[in-house]
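As structure tokens, one chain now follows by itself in the form predicted alone.
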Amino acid sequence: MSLLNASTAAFKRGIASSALRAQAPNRGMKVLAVLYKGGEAAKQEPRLLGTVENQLGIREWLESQGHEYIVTDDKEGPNSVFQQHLKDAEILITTPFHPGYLTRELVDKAKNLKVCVTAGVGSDHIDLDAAVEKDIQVLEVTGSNVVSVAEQVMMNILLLVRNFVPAHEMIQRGEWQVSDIARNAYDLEGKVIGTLGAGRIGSLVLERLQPFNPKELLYYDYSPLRSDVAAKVRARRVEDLKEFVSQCDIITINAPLHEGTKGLINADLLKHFKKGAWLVNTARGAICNTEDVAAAVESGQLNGYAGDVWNIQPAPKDHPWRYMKNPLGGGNGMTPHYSGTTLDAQARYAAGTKQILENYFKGKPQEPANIIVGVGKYETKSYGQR
């Protein structure tokens, strides 16, 4: 994801930063992983690798090399397993789906921490500036779930535009009144559709939208698409954000969370949206102001909002995005955060996590595209222009 592609010099810098790190000593290390609890589903389905129960499939491999492997979903508060073991862990593995928030305060307490690995894509739950200052490397499995998320975006766009959720709920209630659904159902064809962020996911979304014959595809990003990608997706860049949102019938957010995007979608910007536009967010919940988006849906300024990312995860039971509806009783396409953790994606990010760890153990350079923070410096522009 990028508002947002990695720097063009990332390859050279990535090799350089990896070379600066001394080879990891041949000794047992403490590896701490914060994953989500899979329950019975994880016991029945071993391919749910990103769960506490199945532990990314690397326990036997790690322990055979003499490393200690602590896996938990308990991440809140000073007495949590996460915070207790973080104090002397050398490697921290986290996931965007049940993030262990690594704040500056916790970084200061993690005296032995050398590497943070995101099993997936998106490392905004880590204080990256603090990691830079403490020479802690931050890596993620770039590309591991971009197709998974792009497909989810397409599903969310269609379920909003076609008014699917109220139609399904009607059937579950045993009712049948076609007009109540059709009065707010539209075709995707002929619409102006824009992506806020045109990195790996955003460009895949633009590519997948073309067969629907939209009126126009737009994108907003601080960097223009590469010429070959631009020719492929046939999208027009709009450089002013308010101008961008004012032209779109449908907007999908495909940008990482950083200081430049946090709270970007707020009451002021929503005033510039087309009345009745649809908004999809599978990027990060905190890019949108929670109360402002809920108010926009309930007033009809937004015809609907769909996504799987929340400003707090797991989302509280009273979170307004659970219950908001447009004036016609629809427009809510929210789900738990799962777009990037399909079984196919889990296989990719588990394998990628193992490769990152193996590179670290053997003192090998990491793949440049996976490096968010190298030794003492950023290696990407994906988290803002620095």
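No experiment lies behind these values; they were computed from the predicted model shown. Numbering starts at 1 and follows the sequence shown.
Quick note: we don't show the form predicted in complex with nicotinamide-adenine-dinucleotide, though the next part is all about it.
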| query | finding |
| --- | --- |
| Open or blocked, once nicotinamide-adenine-dinucleotide is placed by superposing site C-alphas in the predicted complex (3+ ligand atoms within 2.4 Å of backbone or C-beta means blocked) | blocked |
| Candidate stretches 322 to 330, 339 to 347, 39 to 47, 62 to 70, one within 4.5 Å of nicotinamide-adenine-dinucleotide in the predicted complex by heavy atom | 339 to 347 |
| Residue among Cys116, Ile193, Val161, Leu196 with a heavy atom within 4.5 Å of nicotinamide-adenine-dinucleotide in the predicted complex | Leu196 |
| Residue among Tyr220, Tyr305, Phe273, Phe82 with a heavy atom within 4.5 Å of nicotinamide-adenine-dinucleotide in the predicted complex | Tyr220 |
| Partner proximity in the predicted complex: Gly100 to nicotinamide-adenine-dinucleotide, non-hydrogen atom cutoff 4.5 Å | no |
| Gln137: touches nicotinamide-adenine-dinucleotide in the predicted complex, heavy atom cutoff 4.5 angstroms | no |
| 4.5 angstroms heavy atom contact with nicotinamide-adenine-dinucleotide in the predicted complex for Gly260 | yes |
| Proximity of Thr282 to nicotinamide-adenine-dinucleotide in the predicted complex, heavy atoms at 4.5 Å | yes |
| Within 136 to 154, the residues that have a heavy atom no more than 4.5 Å from nicotinamide-adenine-dinucleotide in the predicted complex | Asn145, Val146, Val149 |
